[in-house]
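The form predicted on its own is given below as one chain in structure tokens.
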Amino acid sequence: MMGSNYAYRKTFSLKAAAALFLCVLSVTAFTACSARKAPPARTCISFDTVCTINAYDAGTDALYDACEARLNELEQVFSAHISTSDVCRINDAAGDHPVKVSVEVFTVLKTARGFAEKSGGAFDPTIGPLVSLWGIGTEHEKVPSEDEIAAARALVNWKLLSLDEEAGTAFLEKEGMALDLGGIAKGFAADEIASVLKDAGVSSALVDLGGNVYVIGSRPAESGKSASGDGTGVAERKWRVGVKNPFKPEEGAALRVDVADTSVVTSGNYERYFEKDGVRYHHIINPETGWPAESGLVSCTIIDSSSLKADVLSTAVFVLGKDKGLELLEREGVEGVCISLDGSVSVSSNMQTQIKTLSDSLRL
């Protein structure tokens, strides 16, 4: 997952979903090995990706049903491919009239516009025309002409997204403009599912929405033993969250971050792409150029208690590059890890002691 400027895919087979779950996740949570049978978990398809929720001993069918229902509710308002969604209705009304939207969509749009300004447009929620033009991850992917890119870029401008808080409306001021919230909506959804679990009294859980990982509390202890020896089955230990090797994603995690009660979101140029004439074109589009971002980064991982913020920043930092991206993270008080084309790993100020290299191909 993954935080990035792209639309949800129109089609997503169960076979492809299984492959994504097993092989292509940018972030994988490491849990303790256990001799006992794992408590029930729930895996479903929502937001056109594989979503897994594991509340461990607190997991019940009723709780998982509530989580899945909430995911489906959010998909119905955020999807760029469901004609009745708030996003589609805003896009259809571009240049004509404001559209009344749900509180959830208004919240995400307000956050998106705020980070568009903070990032100097590196993240832009109105990137829809460019996403549609490239079609990366769909059956219509192509390398557009310069004229096509210029025409689409003319329709990408976050400053022309008007929000009326009192009326609860959103308006794209220019005909042909289009929202794409693929780089932020899953973050909001992860926060919502975490809230459902916490409200139910869950103290240890893992939420993975296609790579947008949210961990609640500390990870369960091995074999039902706790660090304190009190027999509760939950140790006060951090979760070990792996970041895939962007150069050899099939090999699994190359970095590990140890976290508790927070979200971890990665954007990488290996997640979704196509190749033409020996050139790889990935899905993270730079709104300024209209082309896949060439910032010197191959992967960017953000750690924050707000998955919404982590999601949007993973895209913004990837587009900005290491230096400007880390400066943005420092200003926001958010932690992050950047992997560059040369295999070097750069981290924000407070991440030095929380990260471990697992591959010889990367160096801190």
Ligand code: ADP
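The first residue of the sequence shown is number 1, and the count goes up from there. Here the structure is a predicted model, which means the values were calculated and not measured.
The protein also exists as the form predicted together with the named molecule; that form is not presented, and the subsequent description refers to it.
The candidate spot formed by G242, I303 and V347 lies out of contact with the named molecule in the predicted complex, as no residue has a heavy atom within 4.5 Å of it. Look at 242-250, 175-183, 94-102, 161-169: in the predicted complex, residues with non-hydrogen atoms within 4.5 angstroms of the named molecule sit in 175-183. Shown alone here, L329 lies farther than 4.5 Å from the named molecule in the predicted complex, counting heavy atoms only. Contact check for V264: no non-hydrogen atom falls within 4.5 Å of the named molecule in the predicted complex. Using a 4.5 angstroms threshold between heavy atoms, S299 stays clear of the named molecule in the predicted complex. The named molecule is not drawn, but in the predicted complex it has no heavy atom within 4.5 Å of P129. Checking V213, V87, V108, I284 for any heavy atom within 4.5 Å of the named molecule in the predicted complex turns up a single hit: I284. In the predicted complex, the residues of 307-324 lying within 4.5 Å of the named molecule by at least one heavy atom are, in order, D311, S314, T315, V319.
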